[in-house]
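As a starting point, one isolated chain is supplied in structure tokens, in the form predicted on its own.
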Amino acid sequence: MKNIAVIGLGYVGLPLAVAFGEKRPVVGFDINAKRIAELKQGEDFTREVSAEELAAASQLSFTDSLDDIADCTVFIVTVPTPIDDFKTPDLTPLVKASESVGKVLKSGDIVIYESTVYPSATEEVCVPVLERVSGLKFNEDFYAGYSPERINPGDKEHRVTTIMKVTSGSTPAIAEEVDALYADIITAGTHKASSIKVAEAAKVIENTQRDLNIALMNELAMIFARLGIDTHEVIAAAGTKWNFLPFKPGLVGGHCIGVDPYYLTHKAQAIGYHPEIILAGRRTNDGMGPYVAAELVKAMIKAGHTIANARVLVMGFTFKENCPDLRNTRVIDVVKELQDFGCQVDVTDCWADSAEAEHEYGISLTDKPEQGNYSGVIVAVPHKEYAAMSAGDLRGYLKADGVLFDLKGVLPLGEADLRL
């Protein structure tokens, strides 16, 4: 039985390492020594894996030393693939992880990538790094595979083992081996793609499709707002048809949906094709934060509030509900736009790490918002704690004639002043 090293122990890598660690020897590697120390104590700040689940993975160990993964023969890379300020793919984490693996790569080893990339990135970017650092020859001395992650942070129903896994390998024999490796832990089954490129493309269009569907709903929400129609009522009515897809409007952030389309459009432009529909959807979704802020400000003005120095409470700062992940949260767009209007914005989030919010966004989270002190309240992220609150509870934070904006439509129709 081959020993596995999982490189990168975030939202993707840790659940995967735990799943494998229940059945075979696995070493979880991360360059963050603090993260390793916490995991050794049974603590996971992502809240994706419980202390009990960590303990059940009896064959899993953790390290930040490359020496401890030198004996492994399968390396699974699960590092982030973000975009930079110019919406261009940032492959730095992927390249650095490949360099680390290259230092311990041996003849016969397999390197499997799970990070979201554009089609051909594994073989055109990662493999040359492995060859350069290791001195080994691809598909002669070592091999590669690609099996895109399908982790849904905060989702306790759809876990790594219960979501069908796409697999691929750099040769037919390796493809079989990679597929069998995952089939050992994935109870939902596997789908073996014919090539690494097909598997890469499958991953990137999963989230591109979702992005475009949400962009359509966001555009419809802006249209319906001008018509005086509630978007959620429309969606409920349209959803009575069997083949209607019930996507909902909202802010599109996180490390997948708001990022992956740019990987595909980057590659498309590199080969001479200029995508229009995908980028149009991205422009719509990237503009929702300023739109939300403007709608709140207009409603506050109509209610008689002075906007300059008006206090606004934003509830929720993570990119999605019931999850502490702050990566690429688009709530920051709402906050910045409100600040540009001259508002004093307090942000509260019962799931987010305050130090991370300060470090990444310069936002000091408010632990206990003041009752009766705000001209506007936006329920931006419906964590279960906020979703359990009544309209009366939420209005308790407002001044007289304050405006309640239910961004995700968690309150019954008519109980909030605004919703998308």
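Numbering starts at 1 and follows the sequence shown. Keep in mind that what you see is a predicted model, and the values were worked out from it rather than measured.
Just so you know, the form predicted together with a small molecule exists too; it's not on screen, but the next bit is about it.
The contact residue chosen from 208, 218, 167, 116 relative to the small molecule in the predicted complex is 116, the criterion being a non-hydrogen atom within 4.5 angstroms. Contact with the small molecule in the predicted complex, defined as a heavy atom within 4.5 Å, holds for exactly one of 256, 130, 335, 181, namely 256.
Site residues 145, 202 and 261 are none of them in contact with the small molecule in the predicted complex, judged by any heavy atom within 4.5 Å. Just one listed stretch, out of 384-392, 370-378, 26-34, 355-363, contacts the small molecule in the predicted complex at the 4.5 Å heavy atom level, and that stretch is 26-34. Although the partner is absent from this view, residue 349 stays clear of the small molecule in the predicted complex, with no non-hydrogen atom inside 4.5 angstroms. Although the partner is absent here, residue 16 sits far enough away that none of its heavy atoms falls within 4.5 Å of the small molecule in the predicted complex. Remark: residue 249 does not count among the residues lining the small molecule in the predicted complex, judged by a heavy atom distance of 4.5 Å or less. Residue contact with the small molecule in the predicted complex: residue 275 places no heavy atom within 4.5 Å of it.
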